[in-house]
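Before any questions on how it binds or moves, here is one chain, the form predicted alone, in structure tokens.
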Amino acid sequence: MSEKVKVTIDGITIDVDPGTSILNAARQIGGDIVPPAMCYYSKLEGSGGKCRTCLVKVSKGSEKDPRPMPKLVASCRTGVMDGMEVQNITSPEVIEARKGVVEILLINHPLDCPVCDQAGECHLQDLSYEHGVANTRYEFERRTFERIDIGDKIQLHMTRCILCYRCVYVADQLTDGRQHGILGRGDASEISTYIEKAIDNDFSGNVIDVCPVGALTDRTFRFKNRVWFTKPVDAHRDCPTCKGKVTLWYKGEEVLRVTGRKDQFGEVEDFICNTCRFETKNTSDWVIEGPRQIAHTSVISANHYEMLPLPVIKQNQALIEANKIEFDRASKI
């Protein structure tokens, strides 16, 4: 077994395996020092290095070479070295650079959060709230696209896309044939399907789960409800195609949508098939495990769904006993 290497991030030292990225080392520490990531996805090979939101400052390269790195680096693509020292939230330079990155991501992104199905669980929303600026310096016309259906259950709103490539990697690594990708170059780049093609495979719905914004949405859930009015519940079923471990989103007794279970970093724990996602929306199809644990910082946790709901009308035991006595007397008469 390889020896551990020591890395210090924002003053906190941790021992990690050689080859671990700075981002994953920070995730092992947890808390506020974890850099945000819009394109990196630990379950997808080759992801990362696109959005630049995870920039950090390496103030000490290693014990052997203590010189700092001359520029900010993408933590998802930079491996740790023994003795490395990294600054994230403790560096004003990183905070300022992250504001610039967020400004670039929002250049073409529309301000339609009130009507977007991703609102409430959108990573770009959180990022813009924490690091966004009040005004933009962009003076040119924003590019816009018409919404298109790239499958019978998936809708693409390219205007919201930030070109993180996650959906492309999902299609490459989970399916036999990818039907969509990045077309064009530079500011003309866009996600689209090949001519007269549509996404149609057993795992196509996972592009919805991995999308960090509202560019790829579930057509069966569009405009049905806001996520903070729904109740997430963990459930599973015996599925021959996938592991069948999902989160059911309830409104009353109705299952509005089914998604893969996501961890604290917003990444799906196990990818699920389209049968589990779209075709089994009855409680009788599932074995219910219990309420989903939601981070207290999420708007979804506002209603404290981890607790069982209290009865609306409290039972008065004295009144119940008196009614029983009167009922017995009336029965005898």
Partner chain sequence: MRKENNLSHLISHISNLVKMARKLLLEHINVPGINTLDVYRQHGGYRSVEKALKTMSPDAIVEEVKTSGLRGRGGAGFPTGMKWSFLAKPEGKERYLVCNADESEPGTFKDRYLMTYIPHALIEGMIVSSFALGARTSYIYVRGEMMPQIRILEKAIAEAKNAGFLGKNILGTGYDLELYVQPGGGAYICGEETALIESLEGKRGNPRIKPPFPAISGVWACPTVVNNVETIAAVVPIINDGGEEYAKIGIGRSTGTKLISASGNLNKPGVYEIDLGVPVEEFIYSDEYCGGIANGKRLKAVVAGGSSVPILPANLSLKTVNGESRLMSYESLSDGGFQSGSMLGSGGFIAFDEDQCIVRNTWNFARFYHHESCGQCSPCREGTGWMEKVLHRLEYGHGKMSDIDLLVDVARKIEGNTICPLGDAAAWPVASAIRHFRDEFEWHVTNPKEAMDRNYGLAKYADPLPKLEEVSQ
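Everything numeric here is computed off the predicted structure, so don't read it as measured data. Residue numbers count along the first chain shown, from 1.
Here the subject shifts to the form predicted in complex with the partner chain, a form of this protein not shown in this document.
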query	finding
is_contact(G48, the partner chain) in the predicted bound form, heavy atom dist at most 4.5 Å	yes
Close approach of V115 to the partner chain in the predicted bound form, 4.5 Å, heavy atom	no
Contact flag, R52 vs the partner chain in the predicted bound form, heavy atom cut 4.5 Å	yes
Interface membership of S189, the partner chain in the predicted bound form, 4.5 Å heavy atom rule	yes
The partner chain in the predicted bound form: contacting segment from 138 to 146, 236 to 244, 249 to 257, 115 to 123, heavy atom within 4.5 Å	138 to 146
Sole residue of A198, V213, L72, I89 within 4.5 Å of the partner chain in the predicted bound form, by heavy atom	L72
Complete contact of D152, R226 and R261 with the partner chain in the predicted bound form (any heavy atom, 4.5 Å)	no
Residues within 4.5 Å of the partner chain in the predicted bound form, restricted to 240 to 261 and counted by heavy atom	none
